[in-house]
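To begin, one chain is listed below as structure tokens, in the form predicted alone.
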């Protein structure tokens, strides 16, 4: 069970970090302040994590046969 939890956490955290990084990249061309960019990236990271948790955990559990 622990292996499933750790694997799931790595996957959804990685995807959320990627989404936050893409947000930072997308806002770098605009006239946004650093506070707006970092705050938005944090918001994207947290929301992505919340949305991905209930999706990724069952997929990993099914894949690893847990």
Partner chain sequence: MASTMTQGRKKITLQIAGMTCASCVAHNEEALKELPGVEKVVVNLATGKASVEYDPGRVTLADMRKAVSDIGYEVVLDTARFKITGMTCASCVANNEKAIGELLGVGKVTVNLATETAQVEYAPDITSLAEIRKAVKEIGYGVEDVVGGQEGLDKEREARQKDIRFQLINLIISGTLGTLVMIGMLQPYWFFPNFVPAWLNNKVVLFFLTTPIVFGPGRQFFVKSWGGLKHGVTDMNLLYATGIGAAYFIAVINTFFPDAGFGGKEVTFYEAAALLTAFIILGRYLEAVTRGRTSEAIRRLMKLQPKRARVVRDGQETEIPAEEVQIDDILTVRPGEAIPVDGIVTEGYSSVDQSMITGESIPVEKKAGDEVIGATMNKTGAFKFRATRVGKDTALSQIIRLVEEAQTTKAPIQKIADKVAGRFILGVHALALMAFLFWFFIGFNLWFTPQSHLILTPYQLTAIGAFGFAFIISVTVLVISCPCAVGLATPSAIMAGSGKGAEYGILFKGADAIEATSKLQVVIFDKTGTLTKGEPSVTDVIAKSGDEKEVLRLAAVAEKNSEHPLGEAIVRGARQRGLEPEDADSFNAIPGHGVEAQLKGRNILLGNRKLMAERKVPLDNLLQEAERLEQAGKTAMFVAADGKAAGIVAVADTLKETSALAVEELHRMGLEVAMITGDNRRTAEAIASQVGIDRVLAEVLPENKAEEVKKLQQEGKTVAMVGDGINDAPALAQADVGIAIGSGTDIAKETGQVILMKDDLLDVVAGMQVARATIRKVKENLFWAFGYNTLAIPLGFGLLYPFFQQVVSPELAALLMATSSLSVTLNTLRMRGYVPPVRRRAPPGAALHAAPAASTAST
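Residue numbers count along the first chain shown, from 1. Predicted, not measured: the structure shown is a model, and the values here were computed from it.
Keep in mind the form predicted in complex with the partner chain is missing from the figure; the text below concerns it.
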Does residue 13 make contact with the partner chain in the predicted bound form, using a 4.5 Å heavy atom cut-off?
no
Under a 4.5 Å heavy atom criterion, is residue 17 part of the interface with the partner chain in the predicted bound form?
no
With a cut-off of 4.5 Å between heavy atoms, is residue 44 one of the residues that contacts the partner chain in the predicted bound form?
yes
Determine whether any heavy atom of residue 53 comes within 4.5 Å of a heavy atom of the partner chain in the predicted bound form, and answer yes or no.
yes
For the stretch 28 to 49, return the residues whose heavy atoms include at least one within 4.5 Å of the partner chain in the predicted bound form, in the order they occur.
32, 35, 36, 39, 40, 43, 44, 46, 47, 48
